[in-house]
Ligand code: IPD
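Starting off, we have a lone chain in the form predicted alone, written out as structure tokens.
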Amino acid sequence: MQKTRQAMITEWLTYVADKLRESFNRDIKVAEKSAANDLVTEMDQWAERYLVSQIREHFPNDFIIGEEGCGDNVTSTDGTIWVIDPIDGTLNFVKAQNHFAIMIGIFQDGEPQEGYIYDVMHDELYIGIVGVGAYVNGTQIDQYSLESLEESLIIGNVMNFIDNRYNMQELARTAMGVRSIGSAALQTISVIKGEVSLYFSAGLEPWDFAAGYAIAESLGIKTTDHLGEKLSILKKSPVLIAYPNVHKQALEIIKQTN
């Protein structure tokens, strides 16, 4: 019997997760990218090469966007596009050996279709299929209803709040409290699980938001930019992921940016 795409991706992610955990038993090469807190490791590069090779073997007509540059030079959203982040939260991976994830988002003509986030150290695989629903380790995720900022926690990048990007300090003052993990993947998962009502970042690359976008969409959780507009997987953008009523409330605050 031929394996489904979902089954194949699950196998690939499980294999990569095993290798990432094993890598803690040896020294790995770490290099700076743009700054001392923007790191890349040999495991980021290996994981992306592995995932790209599997996609090319089984889905040769599809296109790939990868954080570490192993994919294609994608300039159009036409067709099927895979968006890969081999280790989301590399700084956490290096310094804490915790709170990092592997992400794959699949888009068709610019629309989210499937999202996969593997929380490596908790061995939890989140899968969202638009029009079907979302699952963690095969168990369906309930749809939560968080109705207001005032009655919920929110999550985001600490420095964005400190710098008051897009009026984020007012978001913080309105909410019950603010949390931060240091991984776009796991912060999105906090929204999906109903732990917080909103995740906002002043700027995410496509590989940072693609998988979470698809999973959120599968649950009716709104994902847009800071103006409420549709996201493009071809460019970096502010990203707001929130329950519908909270999303509307947050946009009103964000749009007050000076």
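Treat the numbers as computed from the prediction; the structure is a model and nothing was measured. Heads up: residue numbers just count along the shown sequence, starting at 1.
Although not depicted, the form predicted together with ligand IPD is the subject of the following passage.
- Heavy atoms of Gly89 reach within 4.5 Å of ligand IPD in the model of the complex, making it an interface residue.
- Not displayed here, ligand IPD is kept clear of Gly71 by more than 4.5 Å at the level of heavy atoms in the model of the complex.
- Gly228 falls outside the set of residues with a heavy atom inside 4.5 Å of ligand IPD in the model of the complex.
- Ligand IPD in the model of the complex is approached by Asp208, whose closest heavy atom lies within 4.5 angstroms of it.
- Listed stretches are 140-148, 166-174, 121-129, 179-187; the contact stretch with ligand IPD in the model of the complex is 179-187, by a heavy atom cutoff of 4.5 Å.
- Proximity to ligand IPD in the model of the complex, defined as a heavy atom within 4.5 Å, holds among Leu204, Ala214, Val196, Ile55 only for Leu204.
- Contacts of stretch 67-85 with ligand IPD in the model of the complex, defined by any heavy atom lying within 4.5 Å, are made by Glu67, Asp85, listed in sequence order.
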